[in-house]
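First, one chain by itself: the form predicted on its own, in structure tokens.
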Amino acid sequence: MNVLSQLIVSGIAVGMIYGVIAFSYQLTFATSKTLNFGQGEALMLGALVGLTTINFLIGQALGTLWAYLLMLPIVFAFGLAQGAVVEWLGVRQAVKAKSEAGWIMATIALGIIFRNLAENIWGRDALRFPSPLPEAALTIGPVRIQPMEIAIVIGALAIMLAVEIFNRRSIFGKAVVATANDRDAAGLMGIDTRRVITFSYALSSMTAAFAGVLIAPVTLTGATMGAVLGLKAFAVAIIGGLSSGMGVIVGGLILGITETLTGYYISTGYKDVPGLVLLLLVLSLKPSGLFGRATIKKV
């Protein structure tokens, strides 16, 4: 039971990272019915920009925790800018022309370009990200947990809650919600839906960049770190439902815990299999996701 509890706690931390990235997929899908298939690269760039920033700040005789906190606004700003660039270069014209293949291929291409840029700037080797919290594990009952794993869960929930509050309480957030509910009607009411879509992409990439600096201290940082995470988060978004915030959290937890249990009790070589099997089952039985709502498309 102690081992099981330990595995579940580790799976929760991993699952929350999947949930945050899946949540960032939701942000763009809600307003434009498009997805950034280079979202893993947004996470990767956020982690690498954060690594460069935190190393510079530590070099200025700042403590690691203060350096990490001061790094976050820079990562947020970079994520916002990177997302806006993706929307401008890869999505805007495709949405205008109503070309589904256009935005899919454009976002994939931009993801590859960002990965190649990262390899040329930071190199191909995995890099260590300084942890802002002590690395010694805490003992809570039968479970040993790293402080950074607790920070991952709190940070993931905090960023998703902050985005939801922004969307519900601010004027621009209400414009995002209106566009998500009915883009054509929002446009007729005077809302600049093109600007809203750009903002949703910026907010989406900012969320993914934040996920990058959350997970970086407990793993290795590099140009290829986002590819698998982005793919798994997409599976979580499909499993939970692209229209459900609760769905991405539950889907992320299911996938994270399932992976850790499979890796320990069966083999690490098979840890990706249960999530993919669940994805296929959901697509077969409930294509809108476990918590998603089926919609009727007018033609």
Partner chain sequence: MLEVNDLVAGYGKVKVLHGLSLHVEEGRLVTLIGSNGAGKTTTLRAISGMIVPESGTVRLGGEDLTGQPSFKITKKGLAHSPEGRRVFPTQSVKDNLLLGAFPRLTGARERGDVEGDLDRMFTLFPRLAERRAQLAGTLSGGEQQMLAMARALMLNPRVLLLDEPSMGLAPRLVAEVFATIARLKEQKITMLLVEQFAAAALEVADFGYVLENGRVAAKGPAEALRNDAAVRAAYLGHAH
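Note that this is a predicted model, so its numbers are computed, not measured. Residue numbers count along the first chain shown, from 1.
Keep in mind that the form predicted in complex with its partner chain is missing from the display, and what follows is about it.
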Contact stretch among 73-81, 205-213, 108-116, 166-174 - heavy atom within 4.5 Å of its partner chain in the predicted complex: 166-174
Taking its partner chain in the predicted complex as the reference, which of D125, E100, D184, E135 has a non-hydrogen atom within 4.5 Å? D184
Please identify the residue among V143, A178, I159, V95 with any heavy atom within 4.5 Å of its partner chain in the predicted complex. A178
When the contact criterion is heavy atoms within 4.5 Å, does M189 count as touching its partner chain in the predicted complex? yes
